[in-house]
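Taking the form predicted alone, here's one chain by itself in structure tokens.
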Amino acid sequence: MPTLIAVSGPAGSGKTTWISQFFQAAPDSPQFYLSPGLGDISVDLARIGYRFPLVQVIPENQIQIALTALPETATVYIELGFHLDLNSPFFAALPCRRVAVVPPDLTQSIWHDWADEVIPGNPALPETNWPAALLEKPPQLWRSALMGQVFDPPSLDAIWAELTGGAYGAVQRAKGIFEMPDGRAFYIDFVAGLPGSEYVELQIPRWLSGRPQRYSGIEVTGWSLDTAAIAQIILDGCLTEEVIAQYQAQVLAADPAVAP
């Protein structure tokens, strides 16, 4: 039988990081990844697909079919977001190993009750000036696809600093895949309580022929989020087609070897 491993935990606890350590460049058996509840494409689905091309990413609209047609030697990692009901009939019926990735100082939670195994992940939120009544509410999840949009690094850095600095609400987690004008794409990850943000260049071909036609997007989790303002500041930071074309022409003139 295929091996099913379901992984859950709070936002930013390190679920995707824990799963990623098992994805090998040349796996001995087929490896699959799915993350239900976020649609057919999301930041995590795209990031796994970009980083691990041998891992088969299952879109949400194909989950039911895929789970019934898996090779017997397959290993499937199922990432369950904090917003999902772990007691739903679908998850309860899955014959899987249940792993909870939780902050090390969290000793009791719905994830502990659900899991077969508990893995210490990132620390819980630090002390903040956020009202206690605010943190008692479930966090919001806001996300937006950005396919075709390109950002220059200084503008993106300014947007990210404002967003994670609390200008648009109490942000617990922010992550995204962003296209640069030189054709590269970066994954950026912020978790409240951890120092700074992680910037990782994705090892995928440069896109130097107009607006990129591959997935990029952003996801923000937190409380009292001004989603309209977040959407507007991101829109304001996008480059026009004329500017994108200028950047791409400069890159190609400097190094014709990177031409698509």
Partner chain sequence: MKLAVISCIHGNYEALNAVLSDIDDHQADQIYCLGDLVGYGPHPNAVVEMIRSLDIPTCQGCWDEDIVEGLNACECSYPSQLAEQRGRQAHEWTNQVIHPEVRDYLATLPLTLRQDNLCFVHGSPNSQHEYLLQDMDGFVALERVLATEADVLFCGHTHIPYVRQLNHGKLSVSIQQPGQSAQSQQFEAPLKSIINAGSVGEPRHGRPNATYVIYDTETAATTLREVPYDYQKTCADIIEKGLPPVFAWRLAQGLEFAERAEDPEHVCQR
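Numbering follows the first chain given and starts at 1. Just so we're clear, the structure is a prediction, and the values are computed from it rather than from any experiment.
Same protein, other form: the form predicted together with the partner chain, not shown, and the subject of what follows.
key: Partner proximity in the predicted complex: I159 to the partner chain, non-hydrogen atom cutoff 4.5 Å   = Flag for I159 set to yes.
query = Would V251 count as touching the partner chain in the predicted complex under a 4.5 Å heavy atom rule?
reply = Flag for V251 set to no.
task = Give a yes/no on whether D116 approaches the partner chain to within 4.5 Å in the predicted complex, heavy atoms considered.
result = Although the partner chain is absent here, D116 would stay clear of it in the predicted complex, with no heavy atoms inside 4.5 Å.
ask   = Is W111 close enough to the partner chain in the predicted complex to count, meaning some heavy atom within 4.5 Å?
value = Answer no; every heavy atom of W111 is more than 4.5 Å from the partner chain in the predicted complex.
inquiry  = Only one of these stretches, 95-103, 160-168, 185-193, 75-83, has heavy atoms within 4.5 Å of the partner chain in the predicted complex; which one is it?
reply    = Careful reading of the contacts points to 160-168.
task = Only one of S88, S144, S155, Q140 comes within 4.5 Å of the partner chain in the predicted complex by heavy atoms, so just point that one out.
result = Checking each option against the partner chain in the predicted complex, the one that comes within 4.5 Å is S155.
Partner contacts in the predicted complex for 209-239 (non-hydrogen atom within 4.5 angstroms of the partner chain) = Stretch hits, in order: I233, D236, G237, C238, L239.
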